[in-house]
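Below, in C-alpha cells: the form predicted on its own, a single chain.
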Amino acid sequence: MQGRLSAWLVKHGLVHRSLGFDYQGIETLQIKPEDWHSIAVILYVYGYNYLRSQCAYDVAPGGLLASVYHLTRIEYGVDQPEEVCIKVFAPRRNPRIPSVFWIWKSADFQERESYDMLGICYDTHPRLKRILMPETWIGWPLRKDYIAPNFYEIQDAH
C-alpha cells in the first residue's frame, strides 16, 4: 500500500521504495544513499521541518547498515502533525551517506553517534568524530560482527 508522501514522490519522479507503515501508521520509505541529500532538501521544502530523531542499526552480520530518520511536519494549528520514517541503507564495507546536518541541525550529535557506534560516514558533516567512545577506540561497537576487546576491570580494590 502506497502512502500519501510516496504517491507525491512518484508524481514528481523521485526515486524511492515504499516499505509500508509501522504499527502507528507512520509511512516508511527507503531512499538510496546517492538520492538522499536531494530528497531530504525536497522534504524540508515540502514541509518536513523537524528531524525528530536519527538512529542507525546493523541489519544483519556481514550485511547492510541502515540510517533511519523520523521527520515531522510541524504546522501552526495542526494537532496531529504528519510524520514519515526514512531508511537509507549503506554497504558495510564503505558505509557513506550524505549528512543532513545542513538541513536539520538536530542531526549533529545523532549522526555522530551513528558514526561512533556503527562506522557510518556522513559526508559533509562538519564535526564527524567519536562522541561516546574514546578517539583511540578501534572498531564499531554496535555492529553485529564486532568482537569486544579483552579488557579486565578492577571490580574490588581491596
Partner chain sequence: MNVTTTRKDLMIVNMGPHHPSMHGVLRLILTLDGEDVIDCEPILGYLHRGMEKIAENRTVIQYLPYVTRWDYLATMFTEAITVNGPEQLGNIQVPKRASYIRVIMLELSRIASHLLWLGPFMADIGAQTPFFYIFRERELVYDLFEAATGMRMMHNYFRIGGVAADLPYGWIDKCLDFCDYFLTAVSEYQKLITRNPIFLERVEGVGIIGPEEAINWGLSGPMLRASGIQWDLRKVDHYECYDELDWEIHWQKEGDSLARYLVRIGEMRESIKIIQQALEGIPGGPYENLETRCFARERDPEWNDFEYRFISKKPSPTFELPKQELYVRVEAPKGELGIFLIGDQSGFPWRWKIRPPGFINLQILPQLVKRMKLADIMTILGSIDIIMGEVDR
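Keep in mind that what you see is a predicted model, and the values were worked out from it rather than measured. Residue numbers count along the first chain shown, from 1.
Here the subject shifts to the form predicted together with its partner chain, a form of this protein not shown in this document.
In the predicted complex, Arg93 stays away from its partner chain, with no heavy atom inside 4.5 Å. None of the heavy atoms of Val10 is located within 4.5 Å of its partner chain in the predicted complex.
Heavy atoms of Tyr50 reach within 4.5 Å of its partner chain in the predicted complex, making it an interface residue. Among residues of the shown chain, Pro61 is one whose heavy atoms approach its partner chain to within 4.5 Å in the predicted complex. Taking its partner chain as positioned in the predicted complex, the residues of 130-144 that bring a heavy atom within 4.5 Å of it are, in sequence order, Ile131, Leu132, Met133, Pro141, Leu142, Arg143, Lys144.
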